[in-house]
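We begin with a single chain expressed as structure tokens, specifically the form predicted on its own.
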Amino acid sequence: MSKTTNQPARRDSFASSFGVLVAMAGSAVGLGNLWRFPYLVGQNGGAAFILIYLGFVILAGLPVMLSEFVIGRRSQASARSAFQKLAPGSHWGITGILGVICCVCILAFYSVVGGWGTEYLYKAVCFDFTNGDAENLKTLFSTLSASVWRPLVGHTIFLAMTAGVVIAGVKNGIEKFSKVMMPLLFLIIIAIAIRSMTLPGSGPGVSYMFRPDWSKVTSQTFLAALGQAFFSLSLGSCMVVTYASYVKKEANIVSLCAQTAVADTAFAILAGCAIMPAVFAFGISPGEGPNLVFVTLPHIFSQMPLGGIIAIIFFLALLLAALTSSISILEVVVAFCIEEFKMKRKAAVALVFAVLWVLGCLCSLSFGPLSDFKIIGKTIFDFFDFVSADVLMLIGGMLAVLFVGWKLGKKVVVDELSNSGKLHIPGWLLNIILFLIRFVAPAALLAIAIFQIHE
């Protein structure tokens, strides 16, 4: 008689270091790089904002990312299980649960914005922007967001594309998708940047990106740069913890975190180079705000030679950027269901898809029929945005650095960063990393929290 065992199935993982890098970069590179970063640059002194942003990426973003990487790779487990494995018998597992809730809140409204991107790509393919003026485009966006069916269709398509990647698993879904789409995304944004910077009259826009205007820098600039550095790297929501749990033990996590931060920052700057020179070339204010992507840019495309083609390429880039982030968000929740409730991946994806589809529909309808329904004075869309970005991500990031800096202790952190002594990391660098994790990152996150309370 043959013997049988009840060993659990082998956990999925990334197959290569390049796969880890492009997946991590995909998680970081999202709508915030193409949508939020350019207009923050425009409102806060151009290169002055970029320099401040880079400083906060190093001082605050990297320490939080390293902390979450240590938690995920050390535990080889999903959000809640990771903290329970590393601190058994404690209440630290609540950090992972908060991360899962945060991801549900993010994807509920993020899929709606991704749906808008899907709709705008369709309109670009139909060359609907070739003769659009600013007022018509403003009306188009407000009409789209306030209508019932078209945003729901876009939201459903976007969420289905996200689920289609995640259902294939880590190695065969997320990694394969990221290996193709991330290089393509960078090539697209480089092509648009080159076209934008070669437009007649684009010179002032290029100068604006790379010449600091310190007269526009205020205390709000520092807080905006700090917030963008933190949120752009997908920190505080267990996305990094979950992806890191699929990383093999021989990988250099210090190098991976640094490369991810570089890729994310490079893409954000490229996005600025793709947008700001064109904005200046057509005499539009660089501080247009969130309307920059869905109103201002289509207006620019309508006046640009080959603008119809550029519009298609840009909104394809927007959709890809949104997807690379959304799959990492969805994977957090799916991995939690698989490990906590022993579900099969397909069943977990189907369940999470159904929940997020309903929540996303409510967020979408909050621009139309449900616009008068408020939670703590906010529409459903704004409530999910507020809970995730202003509350849960900050709490999650703070708990992660406190856990690694003070609960795990120096010996465990050094062992993980050095791959149990196989990698040589200078003592001075380890001391700097630990100092940033223990003191600087918590102080930075506390500053964001205080600012948001008094805002």
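Everything numeric here is computed off the predicted structure, so don't read it as measured data. Residue numbers here begin at 1 and follow the sequence given.
A second form of this protein, the form predicted together with 4-fluoro-L-phenylalanine (PFF), is not displayed here; the remarks below concern that form.
- Proximity to 4-fluoro-L-phenylalanine (PFF) in the predicted complex, taken as heavy atoms within 4.5 Å, picks out 327 to 335 from the listed stretches 308 to 316, 327 to 335, 140 to 148, 345 to 353.
- A heavy atom within 4.5 Å of 4-fluoro-L-phenylalanine (PFF) in the predicted complex is found for exactly one of Val401, Val41, Ala60, Met393: Met393.
- Shown alone here, Leu31 lies within 4.5 Å of 4-fluoro-L-phenylalanine (PFF) in the predicted complex, counting heavy atoms only.
- For the chain shown alone, Ser237 is a contact residue for 4-fluoro-L-phenylalanine (PFF) in the predicted complex, at least one non-hydrogen atom being within 4.5 angstroms.
- For Ser232, a non-hydrogen atom is located within 4.5 Å of 4-fluoro-L-phenylalanine (PFF) in the predicted complex, even though that partner is not displayed.
- Taking non-hydrogen atoms only, Ala225 never approaches 4-fluoro-L-phenylalanine (PFF) to within 4.5 angstroms in the predicted complex.
- In the predicted complex, every residue of the candidate spot (Ser27, Ile106 and Tyr110) has a heavy atom lying within 4.5 Å of 4-fluoro-L-phenylalanine (PFF).
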